[in-house]
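The chain below stands alone and is given in structure tokens; this is the form predicted on its own.
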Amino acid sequence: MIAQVLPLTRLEWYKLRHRRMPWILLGFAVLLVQIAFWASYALFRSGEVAVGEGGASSTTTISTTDQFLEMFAFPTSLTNGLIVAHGFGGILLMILAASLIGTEYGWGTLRTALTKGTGRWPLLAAKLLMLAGLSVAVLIVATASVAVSSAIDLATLDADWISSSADWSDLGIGFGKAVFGMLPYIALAVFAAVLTSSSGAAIGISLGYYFVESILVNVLAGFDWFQRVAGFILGRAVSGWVQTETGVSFQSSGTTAGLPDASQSFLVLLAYVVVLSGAAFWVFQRREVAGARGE
């Protein structure tokens, strides 16, 4: 199986490099991370206020200044960048996964590959492995862009480049958590694409679930019965796993009250990955793959 999957994965990487959508989505990921970063920087700068006493003026800062300076220092800025990249990256990877597989149904390339003797299980496994690898690449590129921006900011601020509470191991742990937190969304999009054989329908189902779930969680949060089952919902489990509330924020110190613990969240997310991936393999193995439909 491995001897079949790895060459197919390399082929998928080759095909991916020559398509526009992955590069466009990667650009969006970097752009959104940069917007979040510079919004935080703007908030820091707006926190400075001018005060005067006895005709002499000076500049002081609000009480959160030290906290913001810590966020620009390494490795805190990189960890915060991972949080933001994970939030946006999950959505973008769902779009990419649904598009890559759905369009191959429409173009008829899946049928062509299968008629050449490529096994169904190795083919789908290669696509999943390639998408998992892509999640790693997205996080690396987005975090690297944050490192550049952070270096620019630190060069203009009178602040230490290394956080006083620096713990570089948190960066590695956060990176691993962010990658694993994206896998259920990839599995969801792949299952939707295999089920519908359409990129448009798969994207609609994946994004529809994401946003409907977010709305329902906010609406039902006040009910006691919902609190007992909330930890088994995909989005809440992801938040519990990375231990940060979902939201566009460049702060890693957000509230985690009410979230499931990390160990429970890990098992829930693993179950989502196994069930959705297994369902995708089951459907792909049994359903006839038609020729090109021009989608």
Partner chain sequence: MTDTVIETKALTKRYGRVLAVDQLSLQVPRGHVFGLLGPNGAGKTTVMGMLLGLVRPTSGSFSLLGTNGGGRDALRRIGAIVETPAFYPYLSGRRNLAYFQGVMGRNDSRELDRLLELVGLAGRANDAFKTYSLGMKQRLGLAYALLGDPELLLLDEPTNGMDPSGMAEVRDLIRDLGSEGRTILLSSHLLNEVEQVCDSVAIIAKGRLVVQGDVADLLRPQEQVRLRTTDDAKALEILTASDEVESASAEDDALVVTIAHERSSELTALLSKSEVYVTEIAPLQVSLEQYFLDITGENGERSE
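Since the model is a prediction, treat every value here as computed from it, not as a measurement. Positions refer to the first chain, counted from 1.
There is another form of this protein, the form predicted in complex with the partner chain, and it is not shown here; the text below is about that form.
Residues placing heavy atoms within 4.5 Å of the partner chain in the model of the complex fall in a single listed stretch, namely 108-116, out of 178-186, 108-116, 198-206, 145-153. Proximity of A271 to the partner chain in the model of the complex falls outside the 4.5 Å heavy atom cutoff.
Under a 4.5 angstroms non-hydrogen atom cutoff, the partner chain in the model of the complex lacks A279 among its neighbouring residues. Interface membership of I24, defined by any non-hydrogen atom within 4.5 Å of the partner chain in the model of the complex, is ruled out. Proximity of V275 to the partner chain in the model of the complex: non-hydrogen atoms within 4.5 Å are absent; the residue sits far from the partner.
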